[in-house]
Structures are given as structure tokens and as C-alpha cells.
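Take a look at this one chain, the form predicted alone, written out in C-alpha cells.
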Amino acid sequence: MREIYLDNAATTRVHPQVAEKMMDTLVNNYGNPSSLHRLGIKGEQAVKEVRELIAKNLRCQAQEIYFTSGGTEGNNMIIQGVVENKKRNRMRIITSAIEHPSVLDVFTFYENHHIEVVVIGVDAQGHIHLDELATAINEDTILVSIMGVNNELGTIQDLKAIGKIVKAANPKCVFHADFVQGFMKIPVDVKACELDALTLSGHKIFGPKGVGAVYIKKGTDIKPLVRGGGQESNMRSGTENVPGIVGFGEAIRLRQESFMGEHQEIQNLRNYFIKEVTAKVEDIKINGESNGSPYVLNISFNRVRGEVLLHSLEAKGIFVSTGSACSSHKKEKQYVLKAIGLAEEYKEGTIRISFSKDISKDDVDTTVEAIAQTVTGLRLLVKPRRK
């Protein structure tokens, strides 16, 4: 059975060259980067090269990049780091209704600990209400955290416009963006967006799991969460994951060679998918903005349960998801769909298709045909609702 993997927003398959580079590092570059001998210096140099590579792609300084274990740690590191550093009687922190759980859960934690939290609403496409944001920022606001590319809808926020609003209202406020779904897929300039912090992850771009990075603008006061040996300029103590970092770097290098040209190819593929599925399946909704990330497509089918559709497609060798992998075990799994105002009859039947360079037009044809057959069959088992 041919495998068609369409859950790339959850994780991508590690590129063979990335795996090869990591194995070489595991075997031949095993020194601790903090050691003073030549094996340690060799490991330190490998980490330095990737730090510089990330900085080049974000248009920032290498010393503003810090390595982490991934997106969740990165988001926690920034949000908790800002709040714990600013501790005072009156504090306000702002986010949006459609953030990743690693952002929203931290905000909920602080709300339960008597810190004022403001959650900005979004429109039907997932764009935050900029006027609402501008009104919410005051002199007590210490942090605004807005996701750059939504992991369920693919919605791209206007970070430049948001940055201008934040800094005009309160120049001392830290502006952070979770950019895990955007890095090396959607161009970003941290200076132009007036960002103080940005979160990245390796396994969304054919790199390994368990490694990521954050950008923290020089001069931004953030209290470290992990203390110890003082690695990562005292921001994140602990021996660096050199094989993971090297793998992350190799994935970035491979993306540099392809992602600008690939972007349009993926956009064409996504548009073709939408055209075919809307022609062959009735009563569906395409969620999110039409000009959002081409890598993510969110579709809702009336009178179908998303999980049943997922497993039916899995039996045919097609892998999709019903939303964020990081919220699949939570009670409130459909908070993003609720935030965009999706009608109740469509929520249960929502799946996420996430594309990659490995998906072909034939794969799309096969998937659409499988969806059409499965949805038709499932709807025959469901009694129509009385009007």
C-alpha cells in the first residue's frame, strides 16, 4: 500500500541528509561544547555555525539566538521568562484566541495566579482584531504573544502591523511570536516586525524532534527558566544537543535551497486540492484565509465525524489529522474552530491536510477520491437532521 503522508504540520519526516549528518556528529563529533580541548572546541564550532545560519535567515545577530528542545519549551521560556522578570503588582499580558496550547496554557496558569490576561478575538479567517489589540495595550502591558502562522488554519498574521501597534502603544512591551509553522516556509524579518522574541522548531522542516531555537532581541530582559552551567549565555543551562542542533542546521540549509520556489508549487497543489474536493464533495467548508500558508488546509465536512474520517483514510494509507497534535488529548480540542465562529454542524467533521515537498498531484487525486468515497459512505449511515 502506498503511503500518503499529509500530517506535516504535526511533524515532518527527517530528511535523509539530515539523518546522515546527525549520525556523523553522534559518532565523530561527540565532545562536550563546553570542554576546552579540541573535541569540545569542534562541538562548539558546530553549534556556532548553526546559530549563525539561523541568525542570517532571521536577519538578526548570532548572539540573539538560543537553542532549546523545541517550540513548547521556547514559548514557555519567553512567556515565563518575561513575566517572572517583570514581577510587580499590576501586569497585563495579551495573546490571541487561536494560539498553540504551549502559549494558551501558560497564559491560563498566570491568569489563575492573579495576572491580568487579555485574549484577543479573531475573524472568520483567523486574523486577530487589530483595533481590539490596540485598545488592550496599556502601560501595564508587559507582553504580547501572537502566533505568526496558525498551526490549524494556516492563517498568517500581519506581524509588521502588529509590531507597529505594540510599540506605538507601549515601547517597553515585549512582542513575541510563535513562528514554529512559519520558519523557512514564510519569510520573516524580526527587525522589520519589531519583534523582541520568536520561537522556532526543527521537526517542522524535515529536521529532528527535540531541538528548536528562540530569537531574543539584545537588551530584552528575560529571566532564565533553567539554571546550572550557564550554557546558551546563561539563558538555558545544560549540555547542548549537538547532533540535534547540527541536524536542525542541515534542514535549514536544505530549505534555503528550495523553499522560495517550493512555496508556489505547494500553493498550486493546495489550490488544486480545494478545487477537486469542492467539486466532488458537497456541504463542506474551507476554513482559514485563502492566501494563508500553502502548507496547511483545514476542511470541515457536515454530517461526518473527523476522527472517523481520519481512521478511514488511514486504512487506505492516507494520513491526515483532526487539528493540532498538541491538543488532541485535551477536552477543548476545537477552540480554534470556535474562535473563528464555525457553525456547530461542521466542527465535528473537521480535518487538517498539511502538505510538503513530497506530495504530488497524483497523491492529491488519490486523497480526494478517497475522501469523496469515504464521506459519501459515512453520510449514508447518518440520518438527516429534521428541519
Ligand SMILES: Cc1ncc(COP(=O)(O)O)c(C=O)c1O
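Model, not experiment: these values are computed from the prediction. Quick note: we count residues from 1 along the sequence shown, nothing fancier.
Missing here is the form predicted together with the ligand; even so, the following discussion is about that form.
Contact here is defined as any heavy atom lying within 4.5 Å of the ligand in the predicted complex, and by that definition not a single one of 185, 266 and 294 is a contact residue.
In the predicted complex, no heavy atom of residue 241 sits within 4.5 Å of the ligand. Taking the partner from elsewhere, residue 349 is found to have every heavy atom lying beyond 4.5 Å of the ligand in the predicted complex.
In the predicted complex, at least one heavy atom of residue 70 sits within 4.5 Å of a heavy atom of the ligand. In the predicted complex, at least one heavy atom of residue 204 sits within 4.5 Å of the ligand. Only one of the listed residues (300, 312, 170, 102) places a non-hydrogen atom within 4.5 angstroms of the ligand in the predicted complex, and that residue is 102.
For the residues 145, 287, 181, 157, the 4.5 Å heavy atom test against the ligand in the predicted complex is passed only by 181. Heavy atoms within 4.5 Å of the ligand in the predicted complex map, among the stretches 146-154, 116-124, 231-239, 190-198, onto 146-154 alone.
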